[in-house]
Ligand SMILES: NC(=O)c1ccc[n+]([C@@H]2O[C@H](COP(=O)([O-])OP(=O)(O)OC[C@H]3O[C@@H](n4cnc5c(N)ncnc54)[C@H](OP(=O)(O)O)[C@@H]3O)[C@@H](O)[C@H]2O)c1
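One chain comes next, on its own, written as structure tokens: the form predicted on its own.
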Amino acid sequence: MASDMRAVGVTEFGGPEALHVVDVPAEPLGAGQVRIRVAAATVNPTDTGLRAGLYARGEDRADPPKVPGMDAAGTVAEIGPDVDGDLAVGDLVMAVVVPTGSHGAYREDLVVPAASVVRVPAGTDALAASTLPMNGLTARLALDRLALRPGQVLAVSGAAGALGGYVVQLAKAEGLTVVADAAEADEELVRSFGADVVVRRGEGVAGRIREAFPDGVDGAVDTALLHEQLTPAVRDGGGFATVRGWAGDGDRLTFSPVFVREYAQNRDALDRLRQQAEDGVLTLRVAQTFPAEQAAEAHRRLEAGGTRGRLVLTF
């Protein structure tokens, strides 16, 4: 196997222009691990944060390049010892990746725990499948933290986005009543995910949710980072799942910051998402693809806002 592999990363943190093609060593394959020849890697907001150095502590700034990416799909190239299960060399698979150093999804050769890998949903390709693992598992974890019962009411912010859309679809599959926010242009899209009530996004959104549910909703998943703009929509004692680590304001609600790392090796949860995509419960949405060499342009496109579905890098 070649000693160096092509990747996209940063040698210095910065804007999109900081991303460029880099050579990285092939990762060693250990027990319980799988080597994937990556065909597609999804571009997520967390990747732009890594590129800009938002998560970097002192020790993280050493040893460039840093390779972003938490979603990959491609072909199994090699299987390490002590891998149980049904994976075989040549299988088309998808994986969730926890980036560290040059280990991120934006690389053509990737070694990950077998527990982070499942086959792609039947009938889908690597491009579509790469959009599911990280956002799907984040949605799954958020709903598991809230633990609402069928018939209870869930509010979802940012419902037109990749994560928000999955939250709506998974919640509906579990019998929840869903109220979601949307811009006028996205209203039909959000309804197509199964939202029971759609309110206009923006200032005053909590009041609009309360108009539909005067007693307040039972829980919320805040994918749009609305924070205290959304909390008044939730009844006293309700749950509030957040992304990016926001831990809430006060003790009226139960706040659950969600970090997908907790489910990064939850193979059962990932395989359930695969099955739900096959069953049509989940809609996989690719907005646009870019060759890996154009990763900077993909980051610019994402940061400009308004993307519906995911941008995907191809290798």
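Because the structure is predicted, anything quoted here is derived from the model rather than measured. Numbers follow the displayed sequence, beginning with 1.
Beyond what is shown, the protein has a form predicted in complex with the ligand; the following relates to that form.
Although the partner is absent from the chain shown here, none of A142, K172 and G238 has a heavy atom within 4.5 Å of the ligand in the model of the complex.
Residues of just one listed stretch (114-122, 144-152, 194-202, 88-96) have heavy atoms within 4.5 Å of the ligand in the model of the complex: 194-202.
For the residues P25, P291, G306, G15, the 4.5 Å heavy atom test against the ligand in the model of the complex is passed only by G306. Distance criterion of 4.5 Å from any heavy atom to the ligand in the model of the complex singles out V260 from the list L270, L282, V260, V67.
In the model of the complex, the ligand sits within 4.5 Å of a heavy atom of V243. Proximity of G219 to the ligand in the model of the complex falls outside the 4.5 Å heavy atom cutoff. Among residues of the shown chain, D181 is one whose heavy atoms approach the ligand to within 4.5 Å in the model of the complex. Taking non-hydrogen atoms only, T223 approaches the ligand to within 4.5 angstroms in the model of the complex. Residues G158, A160, G161, A162, L163, G164 are the ones in 157-176 with at least one heavy atom within 4.5 Å of the ligand in the model of the complex, listed in sequence order.
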